[in-house]
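Consider the single chain below, provided in structure tokens and representing the form predicted on its own.
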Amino acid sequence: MRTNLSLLLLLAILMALVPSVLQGGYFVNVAIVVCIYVVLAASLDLVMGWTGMYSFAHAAFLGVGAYTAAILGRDLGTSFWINLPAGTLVAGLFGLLLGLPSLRAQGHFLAIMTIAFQTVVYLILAQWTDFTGGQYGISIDPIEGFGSLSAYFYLVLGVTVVALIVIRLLTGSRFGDALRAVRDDETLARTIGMNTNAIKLIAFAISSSLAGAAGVLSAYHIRGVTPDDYTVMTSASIVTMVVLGGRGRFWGPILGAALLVLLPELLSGLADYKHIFFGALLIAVIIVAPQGLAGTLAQRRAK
């Protein structure tokens, strides 16, 4: 665990050099997006990789966090420092709501249920015009003291590091052992006295809470929210990041998120076909490296 945390802090220091080494707002903007998707992929991996439950609703929690911040700022005039924990908490409550069906549904039935949940959340965001602004969305004012792109990047980087440390501490604890037990054999885990229902609900709540925090960061980054940013295609992209990087491994989602954010930027000609590109890449990884990139690298290092 100490090695992973040390490498994480080293990586954070290197990322902190981006505004000074790579001059220009473009690179800082890309770095912010990478950080946000790292939080999303790593948080989804708590459910997918560590607990073994497929969810295609992570963009819904992203949207819940973002819209919570936007609505509170619009109606109550609250600041970022209130909206961030509020968006995190509300998204966690929605995660508990989605986690309840997981107590009975498994496998592809649970996946279909999460897609339905994602669709319902999107329709509410798009159609409840009086509350959410509909397709016009809601604009958000910049954070006082963090108006520049570089200053906001350091804020996002700090939140990302904290989120990853929390995930690493959780997965490296007895709670992480409980998640793996549910993933590997839920019946056996229940037989030896584990409350598997509570474990799955907690996993969903923590995962969705972190996604809500990422939603708040994303909303303040683009200075607003619109429902088209929180569709099932966004959820599929996050799932792809987890599978590509390697499920159930600390560095897997981080690697997958970084690659799938950076590759379309490096291959700008494929930007309009990124979902096709993601799908083809996912199929290739499943065939060639079913354990994901991080899993394959770990197996080769072990050999």
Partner chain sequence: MTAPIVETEALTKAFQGMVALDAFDFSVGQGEIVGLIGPNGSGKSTVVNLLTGVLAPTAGRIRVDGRDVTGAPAHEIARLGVARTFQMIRLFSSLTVEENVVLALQQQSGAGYVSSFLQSREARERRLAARAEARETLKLFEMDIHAEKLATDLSIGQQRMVELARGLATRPRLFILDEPAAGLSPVNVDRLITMIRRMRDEFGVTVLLVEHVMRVVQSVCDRVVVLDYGEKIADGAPNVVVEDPKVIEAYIGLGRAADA
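Model, not experiment: these values are computed from the prediction. Positions refer to the first chain, counted from 1.
Unshown form predicted together with the partner chain; subsequent notes refer to it.
Colleague: Given that the partner is absent here, state which listed stretch (152-160, 70-78, 228-236, 182-190) has heavy atoms within 4.5 Å of the partner chain in the predicted complex.
Modeller: Contact criterion met by 182-190 only.
Colleague: Considering the partner chain in the predicted complex, which of 143, 194, 111, 97 comes within 4.5 Å of it through any heavy atom?
Modeller: The residue from 143, 194, 111, 97 that makes the contact is 194.
Colleague: Please tell me which of 82, 105, 169, 93 lies within 4.5 Å of the partner chain in the predicted complex, judged by heavy atoms.
Modeller: Residue within 4.5 Å of the partner: 169.
Colleague: Within 4.5 Å, heavy atoms only: does residue 201 come near the partner chain in the predicted complex?
Modeller: No.
Colleague: Just checking whether residue 205 would be counted as a contact of the partner chain in the predicted complex - the rule being heavy atoms within 4.5 angstroms.
Modeller: Outside the cut-off, so no.
Colleague: Give a yes or no for residue 173: in the predicted complex, does one of its heavy atoms lie within 4.5 Å of a heavy atom belonging to the partner chain?
Modeller: Looking in the predicted complex, residue contacts with the partner chain include residue 173, since a heavy atom lies within 4.5 Å.
Colleague: Would residue 121 show up as a contact with the partner chain in the predicted complex if we use heavy atoms at 4.5 Å?
Modeller: Taking the distances in the predicted complex, the answer for residue 121 is no, it never comes within 4.5 Å of the partner chain.
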